[in-house]
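As a starting point, one isolated chain is supplied in structure tokens, in the form predicted on its own.
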Amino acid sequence: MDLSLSTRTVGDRTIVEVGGEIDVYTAPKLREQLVELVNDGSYHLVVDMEGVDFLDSTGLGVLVGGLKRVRAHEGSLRLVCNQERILKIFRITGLTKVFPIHPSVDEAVAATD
């Protein structure tokens, strides 16, 4: 399966809508998108993962790398996910302590954490 990406802006937040599988084959596409956004001055990102069917360790690494990039500019990276199978990956790896994870884009945009 392929990876679909689209972006939109809500206030000072850039929403990255991700669909499909984030794995060793597709993760570079997501990495490029996140790097490009940060290079263009978008430092407050919301990654909407509601359409993600699969996430592996390569995808997790890309998200952690994106978080490091935005934090270098005093920014933030929030995740939107309400799928138990994806949330379980974040819990098992301890990344729920690293990423703010919200059940909806609206909540992620409104959050101040």
Partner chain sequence: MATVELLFSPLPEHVRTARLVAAAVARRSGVDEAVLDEVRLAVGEACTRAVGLHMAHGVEGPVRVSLIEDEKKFAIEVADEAPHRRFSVPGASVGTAPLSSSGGTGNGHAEAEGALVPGARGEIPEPTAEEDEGDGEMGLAVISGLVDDVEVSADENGGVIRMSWPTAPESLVP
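Residue numbers count along the first chain shown, from 1. Values in this document were obtained by computation on a predicted structure and should not be read as measured data.
One more form of this protein should be noted, the form predicted together with the partner chain, which is absent from this view; the next part is about it.
Not displayed here, the partner chain is kept clear of residue 17 by more than 4.5 Å at the level of heavy atoms in the model of the complex. By the criterion of a heavy atom within 4.5 Å, residue 93 is counted among the residues contacting the partner chain in the model of the complex.
In the model of the complex, the partner chain stays beyond 4.5 Å of every heavy atom belonging to residue 40. Under a 4.5 angstroms non-hydrogen atom cutoff, the partner chain in the model of the complex has residue 64 among its neighbouring residues. Residues of 51-90 lying near the partner chain in the model of the complex, listed in sequence order, are 54, 55, 56, 57, 58, 61, 62, 64, 65, 67, 68, 69, 71, 72, 85, 88, 89, the criterion being any heavy atom within 4.5 Å.
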